[in-house]
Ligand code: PXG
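We begin with a single chain expressed as structure tokens, specifically the form predicted on its own.
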């Protein structure tokens, strides 16, 4: 389609394209990898090298690449109605049908959805909607939102503020006011001598302490990913979410589940909230909603919250030009139909998740691996200096970056978050492809260990 050589593409990229989350000086020296096509769980670059994409793009290509059903749905919609907005008492069939479909798959108490263009926009919407809700209830001072240290909820000003990543806050004068943080349920790093279940309760209890510190009448909501993705695939102990739910219920604050990564089958259930049996008041969605084929996100809203928004009246002064975009909605409908009709979520739950979990746990025998954790098709390997003491490497992140680069050179896409190697493969991955993935991981771990010696 584009009649350029790899060198020409890299030159043009360096001259014109500013990449997200990138040190552009380093990139100019190292030059970009140019991905040109994809199919199933595989990618190819402009030099013909093939990669097993164990990250499903960026946690999102749940149905895999190259699905003609989605391409056809987009083609048909773009010819019939390429765009119209949802402002001024207007709607169109794709947005209406997607609303119905998403709500039919969500937990039973979530029956309204507000569409956005991304997960970051979804979490911006959460901030606005939470505060609007309490204002309508006559409690305008109830606007503080509690999040977690090292949480990631997007990169817009409000979403980055909801996140608890200090490196992001250091740029741009973040966070915005009225957001506070508690600890994360990262047992391997922070659990010390406590059993995981004890640690889960301890760190969850920080929420109650923070509510009391800030004042119950001031706290509006708590937000958390069921499993922290970009934080390092932090899988909470089994005691964590039940305690969080009970604290939110006790103090009547809204529980927000950020399902941007966990949603649409990643855990082997339709949503991470299903997996952990929690009942969020708001649920942020994106990524797997369209498998990344077309940008779209949203916020699922509980019946109780929606009833206040509707019955109390007053304009919600918030929205986007592309809210409920008809082409994005058509892509999402086709994607969700594939997930449902082909039983991909159930297949993860009963077949591929148990299969990969057994093999993933066996990786703890590797000299570099301190912990191997996985739920559904989202997993992590902690690369450590000393397994017996859970001691991390001194130059945190250097070994992970080395391993990530070795993975690329070996035909495997695996992400490094400091020295935690993470995977999130397409839900369509087969047992044979899981075997290939595990063999590649072992090879890359061996090469990493050899180089750091």
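Everything quoted here is computed from the prediction, not taken from an experiment. Residue numbers count along the first chain shown, from 1.
From this point on, the text means the form predicted together with the named molecule, which you will not see here.
A.B. asks: Should residue 58 be classed as touching the named molecule in the predicted complex when contacts are defined as heavy atoms within 4.5 Å?
C.D. replies: It does: once the named molecule is placed as it appears in the predicted complex, residue 58 has a heavy atom within 4.5 Å of it.
A.B. asks: Can residue 114 be called a contact residue for the named molecule in the predicted complex at 4.5 Å between heavy atoms?
C.D. replies: Heavy-atom contact with the named molecule at 4.5 Å: absent for residue 114.
A.B. asks: With the partner left out of view, is residue 287 within 4.5 angstroms of the named molecule in the predicted complex by any non-hydrogen atom?
C.D. replies: Yes.
A.B. asks: Is there a heavy atom of residue 123 lying 4.5 Å or less from a heavy atom of the named molecule in the predicted complex?
C.D. replies: Result yes; residue 123 sits at the interface with the named molecule in the predicted complex.
A.B. asks: Using a 4.5 Å heavy atom cut-off, which of 371-379, 203-211, 147-155, 72-80 contacts the named molecule in the predicted complex?
C.D. replies: That would be 147-155.
A.B. asks: Within 4.5 Å of the named molecule in the predicted complex - does that hold for a heavy atom of every one of 118, 225 and 260?
C.D. replies: Every listed residue reaches the named molecule in the predicted complex, so yes.
A.B. asks: Exactly one residue in 248, 230, 356, 344 has a non-hydrogen atom within 4.5 Å of the named molecule in the predicted complex; which is it?
C.D. replies: Of the candidates 248, 230, 356, 344, 230 is the one lying within 4.5 Å of the named molecule in the predicted complex.
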